[in-house]
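A lone chain, given as structure tokens: the form predicted on its own.
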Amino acid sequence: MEFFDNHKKLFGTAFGLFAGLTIVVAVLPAINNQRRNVPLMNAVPLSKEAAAGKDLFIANGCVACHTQQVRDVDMDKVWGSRPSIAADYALNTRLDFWRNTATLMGTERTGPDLSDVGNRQPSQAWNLLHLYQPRAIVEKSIMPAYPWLFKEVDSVQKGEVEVIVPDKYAKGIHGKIIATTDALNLVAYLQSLKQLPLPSGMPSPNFLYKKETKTNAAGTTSKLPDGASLYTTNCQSCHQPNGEGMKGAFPALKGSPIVNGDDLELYVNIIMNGYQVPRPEYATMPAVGTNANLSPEDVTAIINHEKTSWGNNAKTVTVDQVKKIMDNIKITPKN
């Protein structure tokens, strides 16, 4: 009973047990993980601009809605080419002595995962407009706008980056909208978030719990995936649900000569390798197909969806036609 009556012994023992368990359960495993997991060979530190953008990402609470962890479940395939591994985060270091927000893996996915957003959405124009007014990009987006990262000026000076705002969201704007240094830094950070390819010979982790293949009414396996769903995931954010694109930023697919034309090789090449529209007001399209690891079946489904939607009435294509072109065109590797 003397032990329990002596508060110094009681609390001293409790603190000792707590400190010992903390070292054994948390500190030593963390040190061991740091020794075992090193950055991937092609990993590079954040640039000065991207590092400043990371601070802004934290300050504006972005981590509350966006994760940076591609889980090993099949539904996460849309966010990255492989499940995340410890080495993806090994290059991250403490912000300073007091703050250890090195990895921003997050716990809630109210918005899309950002692990590979630098590959999915590398366009500076898209990211800036999305920050200024998310609903100009995704009509039903619940993401807050960040207008304080931009400013209105009478004219755009050399070196300044103008944000083209659609007429619907330009009410009250009497001049030009340009991105501040903070906006450019935040976009630089977002563009730096890319899943790196694993070293040659290193097996890629598998996505688990794959969805069962759907069968049609006749009981046979459906040959093509849902083109509308694939379009929503990979194309809609720029070209819009109605296929009309966005004035001054992203070209329309509705009535597009490429979509309605017969040059399938050009069409497939654009999806797999990206495209620079020969008009300066349009942003460069990223290599959506390569970045998302789209299969010939996926590409065929997207093409057929675009060829038969929004008033387009073009001839559909087959998987064999697309596969033959994909086997022959040079695929630009991911950065």
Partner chain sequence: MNNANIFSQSGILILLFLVAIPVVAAAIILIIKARAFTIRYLKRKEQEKFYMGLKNMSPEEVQQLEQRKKELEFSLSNNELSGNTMPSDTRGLVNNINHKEDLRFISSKKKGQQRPSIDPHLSKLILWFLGCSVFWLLLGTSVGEYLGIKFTAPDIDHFSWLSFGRLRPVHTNMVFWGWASLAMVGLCYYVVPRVSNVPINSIKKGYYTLYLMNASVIIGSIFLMAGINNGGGEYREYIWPVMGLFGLGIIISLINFLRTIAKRATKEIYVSNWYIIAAMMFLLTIAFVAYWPSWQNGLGETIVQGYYMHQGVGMWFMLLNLGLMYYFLPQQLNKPIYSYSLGILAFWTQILFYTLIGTHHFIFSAIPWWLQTVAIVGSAGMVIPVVAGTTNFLMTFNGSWKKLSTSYTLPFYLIGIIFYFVGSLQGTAEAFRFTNLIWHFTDFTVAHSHLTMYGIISFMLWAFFYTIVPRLTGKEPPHITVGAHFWLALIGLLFYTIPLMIGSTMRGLMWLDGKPFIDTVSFMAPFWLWRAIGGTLMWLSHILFAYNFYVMVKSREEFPIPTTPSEILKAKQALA
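Positions refer to the first chain, counted from 1. What you are looking at is a predicted structure, and each value in this text was computed from that prediction instead of being measured.
Keep in mind that the form predicted together with the partner chain is missing from the display, and what follows is about it.
What stretch, of 154-162, 261-269, 194-202, 131-139, brings heavy atoms to within 4.5 Å of the partner chain in the predicted bound form?
Every other range fails; the passing one is 131-139.
Within 4.5 Å of the partner chain in the predicted bound form: all of L10, T67 and I85, by heavy atom?
Spot residues vs the partner chain: full contact, yes.
Partner-contacting position among S47, Q34, Q276, S295 - heavy atom within 4.5 Å of the partner chain in the predicted bound form:
Checking each option against the partner chain in the predicted bound form, the one that comes within 4.5 Å is Q34.
Considering only heavy atoms, tell me if G245 and the partner chain come within 4.5 Å of each other in the predicted bound form.
No, no contact at 4.5 Å.
Do R94 and the partner chain share at least one heavy atom pair within 4.5 Å in the predicted bound form?
Yes, R94 lies within 4.5 Å of the partner chain in the predicted bound form.
Does any heavy atom of K168 come within 4.5 Å of a heavy atom of the partner chain in the predicted bound form?
Yes.
Should W126 be counted as a contact of the partner chain in the predicted bound form, where contact means heavy atoms within 4.5 Å?
W126: no, not in contact with the partner chain in the predicted bound form.
Can you name the residues of 50-72 that have a non-hydrogen atom within 4.5 angstroms of the partner chain in the predicted bound form?
Residues within 4.5 Å: I58, A59, N60, G61, V63, A64, C65, T67, Q69, R71, D72.
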